[in-house]
Ligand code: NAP
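Only one chain is given next, in structure tokens, and it is the form predicted alone.
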Amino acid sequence: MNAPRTIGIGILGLGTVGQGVWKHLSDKKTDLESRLGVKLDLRKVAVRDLKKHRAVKIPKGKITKNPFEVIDDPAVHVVCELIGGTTKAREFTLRALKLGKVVVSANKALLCEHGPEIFDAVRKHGGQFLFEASVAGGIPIIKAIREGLAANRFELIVGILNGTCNHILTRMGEDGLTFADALKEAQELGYAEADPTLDIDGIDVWHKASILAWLAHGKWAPRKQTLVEGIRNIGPADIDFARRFGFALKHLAVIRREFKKGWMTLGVYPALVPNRDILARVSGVNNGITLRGDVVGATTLAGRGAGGDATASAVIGDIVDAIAALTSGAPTLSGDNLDKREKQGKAIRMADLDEIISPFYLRLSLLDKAGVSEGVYRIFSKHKVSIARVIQYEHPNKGRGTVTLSTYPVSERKMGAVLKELRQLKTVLEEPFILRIFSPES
């Protein structure tokens, strides 16, 4: 009997995720070898600081400051890129792919910003690029779209893709914390960075949503045609409105596809989600994603979307897939299916503002004076935007009041015209604050 093939694994970066990958691969090495019919060789790890204290112990001969000792080693078949960023990560990834190696990455920013270049390298050189860990941590959403639900065309993909935002909004909605207090708590618990901009301004979710849109529809959504909003400006009146009318406030990525008209839309924004929707019940740092396919209907996956172990689990899942591809010769992403996906994406246009329709919620700070509300309502009437509900609040400062209202479904263009005129009113004292009201149908 022939000896089992040895698969060499190298890791670039030994942060929280990298340490988790090394630890769990080491702990489960015997079991994985038995299941996969190969020998696993954890050959080398590249780090920036050799002296830094880490929770895992790496043998001295297996750790280096030179990433090319990992990438260029002919006995390394799978390179795990876990350094983050887009400059060095791009350089290392392209070098490994040009050598025909498999690259496993958790780097959503890298894929979002350099995806076409990366997949062109896969097409030209025969390597592989696997990226399950780049979206939703331990939830196998990429495998679900690419394999388990491959028979479907997806009319809707909607997800809670950032655990930091979800923790903050959960604490605000369920426990009455202010945004500032909820953010501070998230930072103290390690859920949010000292500079939380990428999370709370929606940039992290935009990266992830862009990957899902490409995976499902073959199109990279242009940033200028993508609505990206964060959660900084959510206040007590918004929470009160949601509670009164049966909503939960969630930060969503929403990807819609209209097959007959040939358009796609991608939005990242805080939204009011009806309590009856399963995503309204995804709380804390968890993530949740609903996919509505033309064959299976609606499917929801939920679980840990971030953290070292959850992301390490996804990385190891990709390593297992990589080994299967290396030993069977069946590539996960081949030049042929990349060409098909690219051709599919070119046939799709981004939706016009008239085609993007939903109910809206609006909060206004108004001068407390007779006739002010009538002037606001005239603007809505002028643009044929129908109001569904209105709540008025007294303001701590005399001479002003807060009004919150919701509309029936209307286009982004019409709502934009309403907002433009409201901003010009001298009786509107602050920038109007707007939320979308999520509905699977709109």
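Take the two forms, find the largest set of C-alpha atoms that superpose within 1.5 Å, and that set is the rigid core. Residue numbers here begin at 1 and follow the sequence given. Keep in mind it's a predicted model, so treat the numbers as computed, not measured.
We do not show the form predicted in complex with the ligand, though everything after this point is about it.
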Quiz item: Is the gap between Phe92 and the ligand in the model of the complex 4.5 Å or less for some heavy atom pair?
Solution: yes
Quiz item: Given that the partner is absent here, does Gly148 sit within 4.5 Å of the ligand in the model of the complex, heavy atoms only?
Solution: no
Practice problem: Using the partner position in the model of the complex, report whether Lys52 sits within 4.5 Å of the ligand, counting heavy atoms only. | Solution: yes
Quiz item: Is Gly15 close enough to touch the ligand in the model of the complex, meaning at least one heavy atom pair within 4.5 Å?
Solution: yes
Quiz item: Of Leu266, Ile168, Leu82, Val103, which residue is found within 4.5 angstroms of the ligand in the model of the complex when only non-hydrogen atoms are counted?
Solution: Leu82
Quiz item: With the ligand left out of view, which of His251, Arg256, Lys108, Arg363 would have a heavy atom within 4.5 Å of it in the model of the complex?
Solution: Lys108
Quiz item: Based on heavy atom distances of at most 4.5 Å to the ligand in the model of the complex, which listed stretch, 210 to 218, 82 to 90, 236 to 244, 350 to 358, is the contact stretch?
Solution: 82 to 90
Quiz prompt | 4.5 Å heavy atom contact with the ligand in the model of the complex for all of Gly202, Phe380 and Lys414 | solution = no
Quiz item: Within 34 to 73, which residues have a heavy atom closer than or equal to 4.5 Å from the ligand in the model of the complex?
Solution: Ala46, Val47, Arg48, Asp49, Lys52, Arg54, Pro67
Practice problem: Align both forms on the core first, then report whether Ala388 has a C-alpha shift of 2 Å or more between this form and the one not shown. | Solution: no
